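This document opens with one chain alone, in structure tokens, the form predicted on its own.
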């Protein structure tokens, strides 16, 4: 079981490196991406300076200027996401093929023992294709997803491909603005 666990962590590292290499090849090295990334960084700094300079005592005219800057930043972030989209499709296709191959290799094998009992709606994934009722037994797919999620972000940071903190602070995700943008954690 330990050998399987370590092999899955190794697979996760390799696929994360492969994914970042493919993204670098298709996106990060392109002039369009570099230009958009620089533009987003510049707009983030400009917006932060305006917000710091005016603080809470913002008059109506300054508020409108800040809102226009935020809208430009939002549009630039959207354009940056669209540029990244083509690599996401390529990576998704490659990972699906790799995932199905490794899933068939580890089908029905317990690859790890979880130190906790997963919540009920995750048990189907964590115990996928495993015999028995011990829900602390971990399947390949669950361990692979956990490892890939954590390892890929760290590899992006290590290689310098992760978005800067300023850009991350001002970007929106699928569900709307991040909590710190709305002032929830200030």
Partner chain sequence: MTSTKTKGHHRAKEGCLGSVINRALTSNSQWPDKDEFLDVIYWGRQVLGVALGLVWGFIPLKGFIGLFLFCLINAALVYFYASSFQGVDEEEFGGMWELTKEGFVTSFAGFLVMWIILYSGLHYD
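Nothing here was measured: the structure is a model prediction, and the numbers come from that model. Numbering follows the first chain given and starts at 1.
Another form, the form predicted together with its partner chain, is not on view; read the next lines as being about it.
- Although the partner is absent here, residue 93 sits far enough away that none of its heavy atoms falls within 4.5 Å of its partner chain in the predicted bound form.
- Among heavy atoms of residue 22, none comes within 4.5 Å of its partner chain in the predicted bound form.
- Residue 49 falls outside the set of residues with a heavy atom inside 4.5 Å of its partner chain in the predicted bound form.
- The shortest heavy atom separation between residue 66 and its partner chain in the predicted bound form exceeds 4.5 Å.
- None of 68-76, 110-118, 95-103, 81-89 except one has non-hydrogen atoms within 4.5 angstroms of its partner chain in the predicted bound form; the exception is 110-118.
- In the predicted bound form, no residue of the candidate spot (32, 36 and 43) has a heavy atom lying within 4.5 Å of its partner chain.
- 150 is the sole member of 129, 150, 62, 123 with a non-hydrogen atom lying within 4.5 angstroms of its partner chain in the predicted bound form.
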